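The chain that follows stands alone, in the form predicted alone, written as structure tokens.
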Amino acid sequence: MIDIQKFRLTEAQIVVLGSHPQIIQSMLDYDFLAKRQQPSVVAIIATGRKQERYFWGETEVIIPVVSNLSLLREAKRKTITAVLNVQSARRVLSSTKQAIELLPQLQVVTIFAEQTPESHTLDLIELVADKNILITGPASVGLLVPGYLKLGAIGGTQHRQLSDADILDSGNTAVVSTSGGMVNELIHTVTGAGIGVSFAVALGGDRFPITSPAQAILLAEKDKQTKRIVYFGELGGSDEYEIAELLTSKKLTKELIVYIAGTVAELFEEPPQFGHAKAMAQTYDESATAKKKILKKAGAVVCETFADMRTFLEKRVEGERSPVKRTIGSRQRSMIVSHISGEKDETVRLLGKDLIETVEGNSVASLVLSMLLGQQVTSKKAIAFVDYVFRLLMDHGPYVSGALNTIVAARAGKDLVSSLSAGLLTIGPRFGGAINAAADGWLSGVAGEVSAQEFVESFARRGEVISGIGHKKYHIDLPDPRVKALVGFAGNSNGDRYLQFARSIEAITTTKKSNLILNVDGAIAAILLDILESEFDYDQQQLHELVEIEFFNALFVLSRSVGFTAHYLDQRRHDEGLLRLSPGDVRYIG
């Protein structure tokens, strides 16, 4: 069993399985009030979005969201020490097992869901038996180690509750309860008596909590900071008999103060079921009265009423305790979050620095790439490649649809923005969109470990063309000189695996037709994937996200906008008037 002191010596890094904004926000509020430097919650495992916004004090922070724990980068998984599982009861077993398997530094798990299948809970008890991991739950509100860790809803979910509860500073009294509601009452009882909490744990009200009350009390016995233990128990089950045995066998030597709920059940002819699955006395030995007797006989301080506990604790106060009180001011959620630019202290900021500093420290290419990726880029190879691509794609003549539309609009007397928009609106699957589509193809092929033959045949079966393959002018005996120039940026640390995959596709397609070669779009996509993986350490999930948001097409759009603008200005300078097709340009079929 893990030592509570370990939580005080480790900067908690928490991943949340599922999303529960109110609980997550309360954990971040606790971190802030406890004067942590960074939020403890580092990732959320959920679907439907890529990030969630929360408050860090009065400002906002972004917590990344991924759809599966396995998609977190290995380096990040190695830092995770705690898991809050707020997924549905049917997913508790599989998701908790996955967390134990993938998180080598895992110390504690809290399972929030109620009504977890008992067979699943028993499987988890067996799984964790030989591991140095503390699991609270199912149906647990969590673990609190004052000043260090709040895992779950324990202690409250409003920042004012957390401040008023006097749980920001550590004390010497442990709180143990199966009940989530009562663990908070016990915390308030302890701190209200003028005594601080060393740690508090809600074990969960299901029939088989993964950590038993006796095990939790032994944690308190082992903890050097804990002087006494406050325990809330109920009728039903045999937990209190195990605790009594700890006392009589001297395995528990610290003062134990208990309250056992459920005496009222003895007034009924048939045993009533209380709120928790285990809270029903089938026999006299399971009754609250019997449990009180056995604990009192073993040496515990047994309180007849809950109010008696506060009175007893007040007699244990040693000196004056000064509660730590901190507050969080008013909050307002922003409409937009930008990682690119904004104002701070009345100064324009770009990529995290003063605007002038950023501008003077970047070339056009490095600034473009940095802004497109949302982070300052320093890789000389990446910057050189983007600079070359930017110049290479700037214009491919007045014949292509985008330039033609810009020219038509310009000669119709339209303004610059309208004419440029007319050209940009032609960019799509048949013009200009091939770089992103090619990147998607190379990435899916490599990630799926698909052979080149299988890749080509899959497109043939669907009757689709392969983006990044084929050219009207160039062929196998007349290579595209632009592709040759681009390949000069190969030689990346990942072995150029995306370029190699694209080349293996070309080797097959050119046997069918000589002009089905790797074209400029396909070469740019493959080499850029290799550079991002090698120079920026992007994993395949991150590369896939760039494809989803059309990052690869952005280079074409930005570059070709210059070409379209040049054609607009060229036409306006010469002002040849409205462009109109002649009857010979149109063949009427009727």
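Model, not experiment: these values are computed from the prediction. Residue indices: 1-based, along the sequence shown. Basically, rigid core = biggest C-alpha set you can superpose within 1.5 Å across the two forms.
Missing here is the form predicted together with a small molecule; even so, the following discussion is about that form.
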Query raised in the report: If we take heavy atoms and a 4.5 Å cut-off, which stretch out of 395-403, 90-98, 115-123, 302-310 is in contact with the small molecule in the predicted bound form?
Result: 395-403
Query raised in the report: Can Phe556 be called a contact residue for the small molecule in the predicted bound form at 4.5 Å between heavy atoms?
Result: yes
Query raised in the report: Does any heavy atom of Phe431 come within 4.5 Å of a heavy atom of the small molecule in the predicted bound form?
Result: yes
Query raised in the report: Is there a heavy atom of Val86 no more than 4.5 Å from a heavy atom of the small molecule in the predicted bound form?
Result: no
Query raised in the report: Does any heavy atom of Arg482 come within 4.5 Å of a heavy atom of the small molecule in the predicted bound form?
Result: yes
**Report entry** Selected contact from Leu168, Val520, Ala261, Ala422, since only one has a non-hydrogen atom within 4.5 angstroms of the small molecule in the predicted bound form
**Finding:** Val520
**Report entry** Contacting member of Arg77, His471, Arg411, Lys227, with respect to the small molecule in the predicted bound form [4.5 Å, heavy atom]
**Finding:** His471
Report task. State yes or no: after fitting on the rigid core, is the Cα displacement of Lys250 between this form and the one not shown at least 2 Å? Result -> no
Query - Displaced residue check between this form and the one not shown: His471, CA, 2 Å or over, core reference - result: yes
Query - Core fit, then Ser559 C-alpha moves 2 Å or more between this form and the one not shown - result: yes
